[in-house]
Every structure is written in C-alpha cells, then in structure tokens.
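Just one chain is shown here, as structure tokens, and it is the form predicted on its own.
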Amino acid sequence: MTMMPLLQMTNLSIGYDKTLVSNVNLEVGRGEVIAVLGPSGLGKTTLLRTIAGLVTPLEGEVILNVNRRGGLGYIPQRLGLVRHTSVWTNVGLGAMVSGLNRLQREEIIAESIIKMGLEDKIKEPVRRLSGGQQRRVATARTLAQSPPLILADEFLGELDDDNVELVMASVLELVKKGSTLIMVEHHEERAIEFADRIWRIVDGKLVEE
C-alpha cells in the first residue's frame, strides 16, 4: 500500500501582487529534510507561508495531510515569540497544541529547553536573550510541539557552529521519528550537509536538485 504524502503541491503559483514562483508540482513524504535555496526576495519565505496557510495561493493548491493545529510547526524569520514572557512560557505554547496532558507537557517543556542548552534561562524574559538564544527558544517551542511537519525560515541564523550542531541534532531526532523538516537556508554548505533534498528558486520556478 502506498503511503499518502505528507504534503502535495499541485500546479501551485505563489506571490502577492505579482507571481513569485509558478507551476510547482512536488510531493513530500515523512521523515525528510528539504532545504530551500535562492537569493533574497524570490519567494522562499512566501513558499513557507503558503504551505502554512498564511498566504493564499494565486493558483493551484496545497494539500497538507496533517492537522494544521498541532500537526504543523512554523518557525518564522522573526520567530513569533512572546518577548515579555519567560522562556518556559514560550516553549509551553508549543506543548499546548501537542495533545499531551499537563504532566506530560511539563516534562516535554523541560526536556526541550535542556536540549537547547537554555536550562539556566527558564525564567528569563525572552526580550533579555541574545538573538541566537531566541532562535533556540523558538526551536525548543517546536520540539515541545513535536509536529509531523516543521517549516523553518532561516532558523539557524545567528547561531555559531556549535549551536547549529546542537539545534540540528535535536530536530533530526524528530525527523528520525517521522517528522519532516522544510527549511529555508541562507548557507548553502549547511543545506548540503543536512538536507536529503534541495529545492532552488530559479527564474520563478522551484527546481529540485
């Protein structure tokens, strides 16, 4: 029996006032890491936002075979953190949609914070953290959610090599359990290191390499 794709994009065109990328026909399975490459302004972020349901396709359709609440984890470039609240509270927002009971949520929040090396910052307001630490908070929030599909927009930015390895090791644990990661990545070397598939935006088309 053929397993249903996690994500299907059929005759998809994306953009706002004008088309950025057109005629996308791709499928994504479970347990994959996909990196999206291309210069700024060509539609990488718009692609993630369209998959997430935040932008309406200009043409075609996106079929997600996951529940958008809980089944989809999105780490935007600006992270979407509640800056005046604590690291614990922010990570807890991911656990809230995980379907776990209170005790399980508390356990996975603590575990996710520790994996990101932020256990000494649990009570710290997010606004007091460095940019790199805030990115690890956003990743911990997604780890606590443990969604089947993770969309990450340059979430490794501002991280040194050691923290890139720390973050990716934890995210790849989820991938081994069947989650899929689609990541917009500025550094081509990182994309090649971690991704199973490379998508590149070239002349308004999404090309798989």
Partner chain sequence: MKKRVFTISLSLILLAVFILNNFMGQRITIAGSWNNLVIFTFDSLLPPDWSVAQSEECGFFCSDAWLGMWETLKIAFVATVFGFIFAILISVFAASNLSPLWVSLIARAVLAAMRTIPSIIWATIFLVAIGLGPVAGIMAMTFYTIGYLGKLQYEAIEGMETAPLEAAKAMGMRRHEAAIFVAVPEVANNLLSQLIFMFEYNVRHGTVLGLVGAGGIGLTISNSLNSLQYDRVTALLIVIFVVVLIIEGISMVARSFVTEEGDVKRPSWFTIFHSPNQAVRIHHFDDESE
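Positions refer to the first chain, counted from 1. Everything numeric in this text was worked out from a predicted model, so none of it was measured.
Although it is not shown, the form predicted in complex with its partner chain is what the next lines describe.
Only one of L118, L72, I108, L100 lies close to its partner chain in the predicted complex, with a heavy atom inside 4.5 Å, and it is L72. Not one of N163, H186 and I192 comes within 4.5 Å of its partner chain in the predicted complex, counting any heavy atom. Stretch 138-146 is the answer when you ask which of 155-163, 138-146, 177-185, 32-40 has residues with heavy atoms within 4.5 Å of its partner chain in the predicted complex.
Its partner chain in the predicted complex is approached by A52, whose closest heavy atom lies within 4.5 angstroms of it. A residue is said to contact a partner when one of its heavy atoms sits within 4.5 Å of a partner heavy atom; K123 fails this definition for its partner chain in the predicted complex, lying far away. Contact annotation for Q104: none of its heavy atoms lies within 4.5 Å of its partner chain in the predicted complex.
Interface residue remark: G132 is not counted as part of the site for its partner chain in the predicted complex, having no heavy atom within 4.5 Å.
Scanning 107-135 for heavy atoms within 4.5 Å of its partner chain in the predicted complex gives R127, R128 in sequence order.
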